[in-house]
Every structure is written in C-alpha cells, then in structure tokens.
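What follows is one chain in structure tokens, specifically the form predicted alone.
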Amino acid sequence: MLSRIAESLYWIGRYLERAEDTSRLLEVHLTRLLEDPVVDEEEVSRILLRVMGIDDEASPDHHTVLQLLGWDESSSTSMVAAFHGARESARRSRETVSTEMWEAINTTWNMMRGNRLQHLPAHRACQLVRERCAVVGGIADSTMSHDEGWQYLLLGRSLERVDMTSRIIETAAYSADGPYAWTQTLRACGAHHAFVRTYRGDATDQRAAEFLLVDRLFPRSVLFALDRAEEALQALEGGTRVPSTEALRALGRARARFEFGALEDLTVDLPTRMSDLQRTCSAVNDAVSSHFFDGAGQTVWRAGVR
C-alpha cells in the first residue's frame, strides 16, 4: 500500500474519533454548568481547555469553550476542524475509501461547514456530530475490506480513543470532589449504562474510574483501546511474535501497566498518570509515522492535534 494512502487512512480514524470524543466532552461540560449552580464556570472551563492543550485563554467561559472546541474551523482542537481533517484525508485516499464512506463523510462536512452547527442548540449539535461519526464508522466497517488499509484506520481510531479517554478521565480527576463528577464522566464516555449494569448497587467513584481504565469488555476503556491498537499494529507488522518497532513496544508497555498493575495504584494521582499516557500516545504516533509513512517528522503535534 502506498504510504500516502496508509497515512490518510490512519488519520481518518484519528480525526473521526477526535470529533466524536470532543463532542462528548463538550456536552458533559455544558450539562455540568446547567446542573450544578455553584460550579465555578471560569475555573472548570480553564481546566477543560488546559486538558485539551489550550493554556493561553484569559477568563474563559462556556462561549469560549464552545468556540475553541466546537465551532471554530481555525481552532485545531475543535470538532468541526477534526471532521474537516477526516474529509481531507478521505479525499486524498479516494481510491481506497469506499464510495459509501466518502459520501457519508462529505455529506456530514457539508452539514457542518460555514458555521452551520452554530445555528443549532449546542446539545443538539454535539449529538449530531456523534451520530454522524457513528454512521461513518458503521459504513466503513461494512463496506471496506478488512485488509491492511482497514488496520491503519483501526490503529488511528484506537490510538486516538486512548488519548481522548485519558483526557476525559483527567478532566474528571481535577473535579473529583463534585457530586456528579464521575457520573458525568461515565456519560461522556457513553459508559453509564454499561457501568450500572456491571456494578448495579455497588457503584462508587473508585469503581467508575477502574471501569473506564481497565474494563476488558467495554470498548471505550483505556485497556480495551490499547489492546485494539496493539492488535492492529501487530497485524501491520505481519503478526511477528517479537515486537519489532518502538511503537509496538511502547503500546505493549502501556497495556501491561494497565492490565497487570494494582488497581489501587492505577487511580492514585490520576492527572499525572493520564498525562503520561497522552505522552505515550504522542510517542507511538511519532514512531508509527517514522516507520510506516514517508515525510515523517514533517507534522507537528499540539495536544495530540497535528
């Protein structure tokens, strides 16, 4: 497969996942401001922006957050910009992306472009982005051959899910003293129903954190996503039994820490642990780029966004 095509498929996966997860973060942020009348809007907005890599905003409020993470096409961290990135990557790999998938991505972009999302209520706009990402993901799953190109798409999506889930958990850890912090975090990851079914009347904040970190069956947990990224990378390396690249070794080390580490240790100093995990994702991305793609090192990462 041409390096250009492989890189485009990898980035389609990353951008789609980023758009979806950013919409989840935004919706939970807005819900928290509505449901908790004593919350410090400027402080929680500053924390969310810092977790997403934006440190230079003075006195941010929910309007600032909506612009930078939601609608602003020029902001590299917005969900609209992420979807535009997915559309441009799909355009560069038209010979590999199925017609149905291209039409779904292009149609969605036309629904977003020109500030059209801003004319919708914010919660409806976030829901629309999630629904369209699910449509594109489902079409890709059912219309693409699950060959080498599919593995690049899966690798990008899984690695981005690890990165974004760690940011959602880090945001919750900074506000863990709030009465609904972990409930809202579970909802941000689409995990609330699955968590309640798993733990029923024994649900605690500690168990919520463990569920999002190491549950083996929930597809948005850190461990599950690390496992899928590692499987995709192993497939791209020909199923070798010995890790042959730095990317695979880094993923394996991260997965082993979560899979075999003591649960009580995993939830100590969560912000630092999640920041370490984000650095691991960035290092894996750089290693994948230098090993599989031409022009490695030409792109610059900013909070996980190139």
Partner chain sequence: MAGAFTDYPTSTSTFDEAVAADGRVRAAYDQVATQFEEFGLDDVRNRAEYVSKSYHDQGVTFDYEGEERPFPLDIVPRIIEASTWSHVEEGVGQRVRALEAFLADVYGAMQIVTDRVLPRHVVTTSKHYHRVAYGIQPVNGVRVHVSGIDLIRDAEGTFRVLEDNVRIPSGVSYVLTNRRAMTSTLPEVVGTHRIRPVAAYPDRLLRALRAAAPSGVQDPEVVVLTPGPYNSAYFEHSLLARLMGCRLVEGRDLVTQGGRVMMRTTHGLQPVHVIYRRVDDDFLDPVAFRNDSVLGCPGLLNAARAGNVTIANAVGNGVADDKLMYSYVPDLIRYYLGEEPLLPNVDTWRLEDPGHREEVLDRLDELVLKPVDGSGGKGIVIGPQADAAELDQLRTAVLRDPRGWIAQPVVQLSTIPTMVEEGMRPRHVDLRPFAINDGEKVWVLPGGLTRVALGEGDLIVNSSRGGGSKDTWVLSGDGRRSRFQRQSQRSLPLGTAPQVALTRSEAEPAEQEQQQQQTGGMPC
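Note that the structure is a prediction, hence the values are computed from the model and not measured. Positions refer to the first chain, counted from 1.
Although it is not shown, the form predicted in complex with the partner chain is what the next lines describe.
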Would the partner chain in the predicted complex be within 4.5 angstroms of a non-hydrogen atom of every residue among 124, 131 and 142?
-> no
Heavy atom within 4.5 Å of the partner chain in the predicted complex - the one residue of 88, 73, 205, 231 that qualifies = 88
The one residue among 151, 77, 93, 175 placing a heavy atom within 4.5 Å of the partner chain in the predicted complex is 93
Just to confirm, residue 218 within 4.5 Å of the partner chain in the predicted complex by heavy atoms?
-> no
Does residue 115 reach the partner chain in the predicted complex, with heavy atoms at most 4.5 Å apart?
-> no
Does the partner chain come within 4.5 Å of any heavy atom of residue 195 in the predicted complex?
-> no
Answer for residue 102 alone: is it within 4.5 Å of the partner chain in the predicted complex, judged on heavy atom distances?
-> yes
What stretch, of 206-214, 94-102, 187-195, 155-163, brings heavy atoms to within 4.5 Å of the partner chain in the predicted complex?
-> 94-102
What are the residues of 259-293, in order along the chain, with a heavy atom within 4.5 Å of the partner chain in the predicted complex?
-> 292
